[in-house]
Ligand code: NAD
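The chain below stands alone, shown as structure tokens; this is the form predicted alone.
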């Protein structure tokens, strides 16, 4: 099986490496960042342009920033879809609007090319250690066939429904993550202002009902003043824009999402778009004049 992998960013690069470590060694890669391409070639992959990936590969993975990039790569004038053979498949692991997933799938279906939308959660650390969570949309039989490939990159691979269901689930995930980070920042700053050590507060509550994977990942970063990105503010803004678009389309109320989106946008407007989304704590530091 020859596999194409397009998109070697913070997430895509370690995911492609884990795919190869998992035994899928016939991998062809491409990215605008040619240093990332070279790094994968040094690990045993081969490199090709998108049209060649479409012609050569049985499975094409994409891991790209947003809907416009996936549409351009797949459906643009020299897009991959134009070169894919009947019976092949696109597995899009990007986090995009589920409406866009359905549009891409419809075009591919006309060419007898299958598709799964399979966005992930877990950020860079889980991409590196292959413990990502995959939320997948598509036909049951297609999911069953390709699940073992996804399991080389993740610890959890769950089918959520038909095409678009994966990205709908990812939007729900991103609401919960963003609102958890905001609540964590707010709570730790309350402790700081009340002259209680935020680190001890974290240690005391992490094992109780308030504890979460988000807390365990982000509280130490906030306490250390570390905002090196595992998942960037700008990417979370992108995801929450997709949440708001989808919510408005289906009539779902999302007031908490709207509020945390404003905080993320505040960070972006002050040069923080490339910081980790745990930098939400900087908003509270600005309001209080305190450093956590």
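Residue numbers count along the first chain shown, from 1. Computed from a prediction, not measured in an experiment: that's the story for all the values here.
The form predicted together with ligand NAD is left out here; the points below concern that form.
S.K.: Within 4.5 Å, heavy atoms only, which of 199, 124, 151, 162 is in contact with ligand NAD in the predicted complex?
M.R.: It is 124 that has a heavy atom within 4.5 Å of the partner.
S.K.: Are 189, 227 and 280 jointly within 4.5 Å of ligand NAD in the predicted complex, each by at least one heavy atom?
M.R.: No residue of the spot touches ligand NAD in the predicted complex.
S.K.: So which stretch, 7-15, 20-28, 280-288, 264-272, is the one near ligand NAD in the predicted complex (non-hydrogen atoms, 4.5 Å)?
M.R.: The contacting stretch is 7-15.
S.K.: If you check in the predicted complex, is residue 55 within 4.5 Å of ligand NAD, heavy atoms only?
M.R.: It does not: once ligand NAD is placed as it appears in the predicted complex, residue 55 has no heavy atom within 4.5 Å of it.
S.K.: Tell me, yes or no, whether residue 40 is in contact with ligand NAD in the predicted complex, where a contact means a heavy atom of each within 4.5 Å.
M.R.: It does not: once ligand NAD is placed as it appears in the predicted complex, residue 40 has no heavy atom within 4.5 Å of it.
S.K.: Look up in the predicted complex whether residue 241 has a non-hydrogen atom within 4.5 angstroms of ligand NAD, and give yes or no.
M.R.: Close contact is absent here: in the predicted complex, residue 241 is far from ligand NAD, nothing within 4.5 Å, heavy atoms only.
S.K.: Can you tell me whether residue 69 touches ligand NAD? I mean in the predicted complex, with a 4.5 angstroms heavy atom cut-off.
M.R.: Flag for residue 69 set to yes.
S.K.: Does anything in 98-120 come within 4.5 Å of ligand NAD in the predicted complex by heavy atoms, and if so which residues, in order?
M.R.: The stretch 98-120, when checked against ligand NAD in the predicted complex, contributes only 120 at the 4.5 Å heavy-atom cut-off.
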